[in-house]
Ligand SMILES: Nc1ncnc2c1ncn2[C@@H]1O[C@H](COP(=O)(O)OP(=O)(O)OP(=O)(O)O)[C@@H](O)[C@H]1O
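Below, in structure tokens: the form predicted on its own, a single chain.
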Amino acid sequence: MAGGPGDDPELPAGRPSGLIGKEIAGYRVEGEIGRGGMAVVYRALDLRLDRTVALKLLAPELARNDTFRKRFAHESRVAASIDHPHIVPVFEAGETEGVLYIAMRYVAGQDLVALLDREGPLPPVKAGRIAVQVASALDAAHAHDLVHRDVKPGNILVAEGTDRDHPEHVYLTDFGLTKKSLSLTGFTTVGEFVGTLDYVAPEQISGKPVDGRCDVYSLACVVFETLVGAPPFRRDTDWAVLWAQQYDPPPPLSEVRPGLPDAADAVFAKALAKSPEERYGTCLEFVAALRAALTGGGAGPDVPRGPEPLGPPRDPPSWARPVFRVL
């Protein structure tokens, strides 16, 4: 799987339909991966390079908006320029026959939603491994002035890792190339916001300007869910969730999942602060503080540590001793 389509209202049934087996901009469509209100993502074959890609087709009305098309072209170029191991690479973006499209790497794996459905709350070490990879991707995007705005389990892909020390390789996808532009081109109305209720930052709900700290908030909601099995502000209605995101303090992690250290409560309280100025400045700063709290002040087993202090040289091994003379 790769490239989430977003959570906008449903496209009219079948509106882009009947595309399986057809060629679009040099890609042969092979199957549907996901569908949202403003895009459909397909598995497709790149006929020029004979590789499988994730092909995201945007709703036709978006191509008819000149402002959106210009922003789409600019943001696609920025996203494609980010070379990061935990961001799904963008191979190509363009327009064909009145439809905007993005071709991305096809990631064989599952999203974090499926992983949590199958395994439930994750061990802190595994949750930390996933969190640090997503945090690294977000900070890299922020360095290029890209804010994701919709960090959620469905946009986090978990593929097979390289070895026993790195059992998962995590990708962040769907950088809101459409979402940011939609909010500026009339496709969202007053009172609407870009994001997903369980993970959206308070400033997004109120329509205030956002920066990378809104992604810190959303990432904290996701990491909280990986540890306890549910996001921090689970309520009975959407309105109650919106209210809680803006005004309710997060529940202490140590109470929701007994056995986790109390020090983690303060980390989430800061990451989920209602005011961006009171949060961590970067996603990696949040994850580092959380992992230190969960490990009793250590950096965690898979965080690089400094070199061990030098001591006296060891005796040479027995097979080498004839070479050395004791002075």
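In case it trips you up, residue 1 is the first one in the sequence shown, and so on. Bear in mind that the values here come from a model prediction, so they are computed numbers and not experimental data.
One more form of this protein exists, namely the form predicted in complex with this ligand; it is left out here, but the text below deals with it.
For this ligand-free form, the site is classified blocked because this ligand, superimposed from its arrangement in the predicted bound form, has three or more atoms within 2.4 Å of the backbone and C-beta atoms.
Contact check for residue 245: every heavy atom lies farther than 4.5 Å from this ligand in the predicted bound form. Using a 4.5 angstroms threshold between heavy atoms, residue 34 counts as touching this ligand in the predicted bound form. A residue is said to contact a partner when one of its heavy atoms sits within 4.5 Å of a partner heavy atom; residue 107 meets this definition for this ligand in the predicted bound form. Contact check for residue 129: no non-hydrogen atom falls within 4.5 Å of this ligand in the predicted bound form. Checked against this ligand in the predicted bound form, the candidates 41, 59, 272, 293 yield a single residue with a heavy atom inside 4.5 Å, and that residue is 41. In summary, among the residues 54, 29, 288, 267, the only one with a non-hydrogen atom within 4.5 Å of this ligand in the predicted bound form is 54. For this ligand in the predicted bound form, the listed stretch (228-236, 212-220, 145-153, 73-81) containing residues with heavy atoms inside 4.5 Å is 145-153.
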